[in-house]
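A single chain, nothing else alongside it, follows as structure tokens in the form predicted on its own.
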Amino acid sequence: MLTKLIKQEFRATARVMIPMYLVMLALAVGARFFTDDLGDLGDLLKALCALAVLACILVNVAAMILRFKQNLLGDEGYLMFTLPVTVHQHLWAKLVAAVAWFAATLAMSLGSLCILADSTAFTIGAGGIQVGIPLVSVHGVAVAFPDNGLFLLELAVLGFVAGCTLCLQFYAALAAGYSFSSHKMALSVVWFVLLSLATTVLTEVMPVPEVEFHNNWVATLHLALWVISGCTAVVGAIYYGITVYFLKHRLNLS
């Protein structure tokens, strides 16, 4: 059943996201290949492409929020919660779809920027993916990012955990705000602010292992990525628990 829910999420959000991607790519291609011929119009296309990238990011976040609100907290909620599906399955379906669209938006945005650029800084060869710009600086010395598949895996894990945590912060605030009978959206905003403040305090007092760069900076960076992912996952788990509690015990669809 979870697979069916995920498919439904992708169908519902693809109607918005895919046209946005097509517009962004079309503007990038037009700005890249026709700038010299179009003059000022080419510069306008570049500006519009940059705005389209920003619009895609904002629409992605808005779609994630509205999909949760309308599907589980609005009139559709009466139907959704009668299905033989648990709250956890509802949540994970939305999380998987939202994070997948985040990744797609990032990829399409980078692709559009690469199209606009005269040359890319990325090369793919027998040794794997190499980045031609220094992404890490150790003691003020730029260090080329190592050609190591483990870093890509760790970055993917961190991206997934961070994406889920971002979604769950909005979900928790909405679920809590919509547990009241009136002023639901206003109370959701209040809950979001309170959760943000609580998260700031939590991250200040959380016993985070100290990570310092030593001679073996590659191993240190591995450790840093896992520490950041772990701390982010703890915050996300708290948001997840709040969301599940309010959806299970305090849901108010009236």
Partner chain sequence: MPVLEYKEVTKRYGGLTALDGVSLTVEPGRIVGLLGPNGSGKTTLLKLACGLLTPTSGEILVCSQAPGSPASHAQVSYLPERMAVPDWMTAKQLVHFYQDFYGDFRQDVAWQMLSDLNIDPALRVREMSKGTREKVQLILVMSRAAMLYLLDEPIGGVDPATRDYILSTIIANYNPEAAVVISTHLIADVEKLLDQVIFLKNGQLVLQSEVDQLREEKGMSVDALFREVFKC
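Positions refer to the first chain, counted from 1. Model, not experiment: these values are computed from the prediction.
This protein has a second form, the form predicted in complex with its partner chain, left out of what is shown; the following refers to that one.
Asks: Is it the case in the model of the complex that E76, M80 and T86 each bring at least one heavy atom within 4.5 Å of its partner chain?
Replies: Heavy-atom distance to its partner chain in the model of the complex: all three under 4.5 Å.
Asks: Taking any heavy atom pair closer than or equal to 4.5 Å as contact, tell me whether A12 reaches its partner chain in the model of the complex.
Replies: The answer is yes: A12 has a heavy atom within 4.5 Å of its partner chain.
Asks: Taking only heavy atoms into account, state which residues of 1 to 18 are within 4.5 Å of its partner chain in the model of the complex, ordered by sequence.
Replies: Residues within 4.5 Å: M1, K4, L5, K7, Q8, R11, A12, R15.
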